[in-house]
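Taking the form predicted alone, here's one chain by itself in structure tokens.
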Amino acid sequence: MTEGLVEQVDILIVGAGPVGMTLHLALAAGGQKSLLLDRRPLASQQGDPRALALSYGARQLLEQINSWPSRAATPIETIHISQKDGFGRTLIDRADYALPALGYVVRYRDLAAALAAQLPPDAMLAEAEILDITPGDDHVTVTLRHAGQLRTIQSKLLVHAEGTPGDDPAVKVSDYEQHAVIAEITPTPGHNKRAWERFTPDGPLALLPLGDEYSVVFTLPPAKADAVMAMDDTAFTVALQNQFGRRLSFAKPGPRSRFPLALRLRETLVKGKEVWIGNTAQTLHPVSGQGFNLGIRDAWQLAEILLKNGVDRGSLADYAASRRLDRKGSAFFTDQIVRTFSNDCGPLKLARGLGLLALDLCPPVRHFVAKRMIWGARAWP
């Protein structure tokens, strides 16, 4: 590539994770070309051990671009919701919705591989270092270094899908003062395709079926997370057992990792010819597994609008307006759950128990909540 030559593309997508690849493939299915950029080699995603909770609605979207990793996905047929040392519980069952599953648990690397398998060789510039982004009236100019060469690309639209933003004044951050400790562990008896959401004073505890094991999301204040990370396997298993209760027993925990939790919301999704989707637009608490599904819906809705109306300011304004209900509703839902349940206040514990009991005994309300978890705002009204 000769330095100084300006390349032209219609849509440039920064970030070739699952959300960015979903957008690329959804656009390609409608005949619209785009180019993916990523600072990492594509193969680096194959080392990512994280588990993702995908809704049945996400499966429906991914199947349309031939990217559903069916062999790697463990179905969730029921979800049991309860609180530690308190009464009340809710059970959500896929049979109530005539679905094969409420959702699925998939390793990040398996989903990334399924999406990458659909990419043509010229779809992506990997190991690309972005040096400068210059907005213009009708395009965005990106200067980057790739394979030792400087390249300049002008795009009619720049889509940011690179993941959780760092310090950015456009992003409002609310720190939960919680860390998520992640591990896998073997349950006895088997999980029987049931997920558990257990609310404790320290934060939510989620167990997600993955293969024959559970993927554990153990939410704790930072100091307690430090202690849990320092425990040997036996002590960790006991700590998990104490938080969960005695309905199951656990053994053989795998390696642990941790990350801090915060709600990050970008106030403006569109600025000129730039748009933000996925975690770079909003990062939610992992309770109820809504964040990644929201990102997939971001990508899909943006593709639908661009394919229908083309790349112009009106299309971008339509996109921002169309995502308002889904993203703000999901953020409010997860935020209120965390703040309402992460305490040991007696009156609140009673109110929570009554709420869980009412949710279980009132199918219309339970179905309302379940359908929004499965399909997001697409389930409205």
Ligand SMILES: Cc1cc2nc3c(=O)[nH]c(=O)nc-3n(C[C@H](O)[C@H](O)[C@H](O)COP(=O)(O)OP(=O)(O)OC[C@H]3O[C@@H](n4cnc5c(N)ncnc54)[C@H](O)[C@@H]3O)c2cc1C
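In case it trips you up, residue 1 is the first one in the sequence shown, and so on. As the structure is a computational prediction, the values presented were derived from the model and not from experiment.
FYI, the form predicted together with the named molecule isn't displayed, but the following is about it.
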Gly163, heavy atom within 4.5 angstroms of the named molecule in the predicted complex: yes
is_contact(Ala113, the named molecule) in the predicted complex, heavy atom dist at most 4.5 Å: no
Interface membership of Ala180, the named molecule in the predicted complex, 4.5 Å heavy atom rule: yes
Any non-hydrogen atom of Asp38 within 4.5 angstroms of the named molecule in the predicted complex: yes
The named molecule in the predicted complex reached by all of Tyr176, Pro221 and Ala262, non-hydrogen atom within 4.5 Å: no
One stretch from 320-328, 48-56, 63-71, 24-32 that, in the predicted complex, holds residues within 4.5 Å of the named molecule by heavy atom: 48-56
Among the candidates Ser155, Thr200, Gln290, Gln301, the residue which, in the predicted complex, approaches the named molecule to within 4.5 Å (heavy atoms): Gln290
Sequence-ordered residues of 12-45 touching the named molecule in the predicted complex, heavy atom within 4.5 Å: Val14, Gly15, Ala16, Gly17, Pro18, Val19, Gly20, Leu37, Asp38, Arg39, Arg40, Gln45
